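Have a look below at one chain only, the form predicted on its own, in structure tokens format.
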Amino acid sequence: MKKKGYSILAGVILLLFWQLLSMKIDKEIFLPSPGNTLKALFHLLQTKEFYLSVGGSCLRIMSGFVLALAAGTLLAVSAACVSLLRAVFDLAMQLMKAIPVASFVILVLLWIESAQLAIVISFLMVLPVVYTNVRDGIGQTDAKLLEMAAVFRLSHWKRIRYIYAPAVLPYFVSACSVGLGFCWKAGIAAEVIGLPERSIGEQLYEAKLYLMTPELFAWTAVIVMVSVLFEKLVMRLIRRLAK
């Protein structure tokens, strides 16, 4: 309760600071007040385009996230089994981490349509995170337990279920938590550049283009809320599956 109270108080303080700063600037085109931003958000909630845009962005970004989870886990397992593959994958992941999102977006747009851009960019941003964490989790598996499994001739499935899975699970959960944040930021950035139809990125670009600053702030608030909501839901689902 005390922690929640501090969180609420911190939110109130930030809102007051926002309101005072907006009053000081006194130009809505630069910084709208919290009240005007809230009005813009309520107006958006009454339009069909809002739900189509949010749904389209969620579908694209979460598709890239799920694909990255599957591919990253598979590559990490392959790297743990073959040393040469580990060297190749490690180098590839380092390169992917070093390349800026904007460069990825421009390069990918040469090959695919803008409608699939957010999927690919989200996938590329999350893949190194999942791969690195799962690979490290496999590397931290207790060697004594593996020796015991060899002595008692446990099947591969039992080794995975009772030895590898408990060792990798904390790293996998951490990768999901970090990856979700990267995934949303990169996915929305890709949409702003690629401008696919019925997307949050398209709405952000139009709000900026026509100087609709309250709507721009409202869409930003939507991105934050949807990102937090998906993170809570996905992490709860993963923990339940783990149990």
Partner chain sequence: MAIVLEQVRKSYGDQLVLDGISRTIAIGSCIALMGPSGIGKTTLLSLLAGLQSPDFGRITGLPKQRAMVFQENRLIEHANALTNLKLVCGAEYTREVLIEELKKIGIEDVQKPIVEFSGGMKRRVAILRAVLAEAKLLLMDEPFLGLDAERKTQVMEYVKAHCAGKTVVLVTHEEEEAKALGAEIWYLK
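Bear in mind that the values here come from a model prediction, so they are computed numbers and not experimental data. Residue numbers count along the first chain shown, from 1.
Although not depicted, the form predicted together with the partner chain is the subject of the following passage.
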query: Option from 97-105, 162-170, 70-78, 114-122 whose residues, in the model of the complex, bring a heavy atom within 4.5 Å of the partner chain; finding: 162-170
query: Interface membership of L91, the partner chain in the model of the complex, 4.5 Å heavy atom rule; finding: no
query: Any non-hydrogen atom of R153 within 4.5 angstroms of the partner chain in the model of the complex; finding: yes
query: Residue contact check: L145 to the partner chain in the model of the complex, 4.5 Å heavy atom; finding: yes
